[in-house]
Structures are given as structure tokens and as C-alpha cells.
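Just one chain is shown here, as C-alpha cells, and it is the form predicted on its own.
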């Protein structure tokens, strides 16, 4: 029975691997390879076998093979994933095809084949000062740093970022707004912003707050993170520190008005009155300008929908703490 089970587990299946490649001489082009895999074959192993057995010119990054170093980030059948954490036959089963497509991550400039330039990513990460700055007494050795269990629980999840760049690759906001630091930088920045041992709280606020209000909450970083760090959660938590900021940018002030308008809409009616929230957030002048644009595109009817309060509104107000 054990031998039969082992034979089943090691059953081979032929797959086709299509790799989007790049070099300075030829630009972008595609290469196709065929090989057999079993249920334990990782995509990193697929790439290693292609490079050693079929095409030594293929370039890719990989190191730890256990989802710790973050170097094997790429798009696998269109999804940003770690190659070492992805089994070839899982991809075959999910997409119901024997063809696996490998591409370099979006947003990043390709250097060669699946290797991309991570320079801009590292620049954003280092902007948030990704290390602990302890008190002078601790540095001199005359005091100790202690972290309470509850603080450790708050920080631990966000300290698991491995700098793989997958969240940035999937993020639409970072592609459109150069002043948005990106989900990975916010995960790393909040990890130190919330650390009671750190001494750069005010400086970190200036670095992180404006950027945090530029996130669109698409949750792509949440879905693609291989370590379940939930970068979008750190952005939400960072926004909660806005009340402690001595100076507020226009983006921060607009964001606070938006949050307040949503709260008041739900408190008053139990639902999100989008037209009212928009006016409260951006002001009447901007609302009129956008309304004219809406009319020209034939969508004014959606803005004129009359919404009714929900039944038992008091129950919702209790949930809001009122």
C-alpha cells in the first residue's frame, strides 16, 4: 500500500512552460519549454531544470526555496507569486491547463528575462527608515529595552515582510502616484511606528501619513502577499495616527473629511449616501464640476437615486458606539 501511494505521488505529467524573456539586444520575446513534473515540483525547480537541461541562457532569481528570501518573485499565469511557494501541478489544476506562463513582475523594469530592477523598490523601503532607533540610554548600555507581549503581538505579523515586491507589483496606486510609498514600505514603516521602543515617532509620521491617504484600498497587496502580512491593514492603522500630526497635507485633510462623512452618513441613515459623502469630502465646487462630467457621460441618473433609511437605525448606531 505504501509503495502504491508513493508511486501515485510521484506520477509524472508533462507540462509546457512559456517564459516571457528580455534582453537589451532582442527586447521582449517568448521561449517555450516542455518537461515532466510530479506533485512535489516547485516552479523554482522547473526553472532550475530548464536552465541546466535545456537553456543555460535563461535568467531568474532564486535563493532560499522556502518563502523566506523573497527573491523568486514573478507572475505565474498572470498572478504575482513566489516561484518557490508554487507547485507546478497546483497551477495546472487551478487553471485547467498544462501550459504555465512565467513573466517578470509588473511595474518593475526588466533587466534580463525574469530578473527585474528592484532599485526603486529598495529606495521606497529605505525612505521609511526600516530599523529600530533606540533611546540613547539603551545604546550606551545603561538601560534595557523591553517589549510587552501585547506590543509583540501587534508588531509580529507586520515584521514578516520579506521584501519580495509582489504587493508593489500588484498595486495600481503605486503605478499612478509616485508619492505613494507602496504597501511594502508601509508594512515596514508601521512595524516601527508602532514599536514603543523606537524614538523617531514624529519623523515617521511625516514620512508615512500623507502616503497612507493615497492608498486606494484595492486589497491586491492583501491577496498576493506570500507571508500574510496584510500591508493594507498597516495603512489603515497608520491613518489612525493622523490625529497626532501637527501638520496636515491636503491629502490628509481630504481623507479625514471623507472618513467623517462616511461615519455621519451611516449614523444618520444606516447606509452610505455616496452623493452626500462626495460633496462633504470634496466641496460643492468640485462636486458641481464632476456632476457636469457625469451628465455628459449619461450617468446622472445614478446620482439622483433617492435612498431610504434602514429599519431599526438605532441598532446600527449602537454598533457605531453612539
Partner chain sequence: MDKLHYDAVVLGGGLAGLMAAHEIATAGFKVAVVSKVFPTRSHSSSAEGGIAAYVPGNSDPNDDPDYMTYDTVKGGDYLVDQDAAELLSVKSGEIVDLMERWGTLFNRQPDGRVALRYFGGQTYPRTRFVGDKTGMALLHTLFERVSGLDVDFYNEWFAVDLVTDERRVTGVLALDMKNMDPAFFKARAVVAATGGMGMLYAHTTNAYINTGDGYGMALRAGAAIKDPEFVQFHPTALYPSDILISEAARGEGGILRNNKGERFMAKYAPKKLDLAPRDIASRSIMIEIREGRGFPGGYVGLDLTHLGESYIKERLALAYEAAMNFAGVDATKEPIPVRPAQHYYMGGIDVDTNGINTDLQGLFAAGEAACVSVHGANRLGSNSLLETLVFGRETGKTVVEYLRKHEEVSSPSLDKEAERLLSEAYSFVKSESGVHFGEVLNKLRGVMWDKVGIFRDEDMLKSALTEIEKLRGQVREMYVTDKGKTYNTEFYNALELRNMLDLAVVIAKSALMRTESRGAHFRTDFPERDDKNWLKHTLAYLKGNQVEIGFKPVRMTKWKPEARVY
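Given the structure is predicted, the values throughout are model-derived calculations rather than measurements. Positions refer to the first chain, counted from 1.
This next part talks about the form predicted in complex with the partner chain, which is not shown.
Though the partner is left out of this view, residue 164 does reach within 4.5 Å of the partner chain in the predicted bound form, counting heavy atoms only. Taking the partner from elsewhere, residue 62 is found to have a heavy atom lying within 4.5 Å of the partner chain in the predicted bound form. The shortest heavy atom separation between residue 284 and the partner chain in the predicted bound form exceeds 4.5 Å. Using a 4.5 Å cutoff between non-hydrogen atoms, residue 69 counts as a contact of the partner chain in the predicted bound form. The partner is absent here, but in the predicted bound form a heavy atom of 117, alone among 178, 202, 247, 117, sits within 4.5 Å of the partner chain. Residues placing heavy atoms within 4.5 Å of the partner chain in the predicted bound form fall in a single listed stretch, namely 119-127, out of 178-186, 119-127, 96-104, 204-212. In the predicted bound form, the partner chain lies beyond 4.5 angstroms of every heavy atom of every residue of 200-218.
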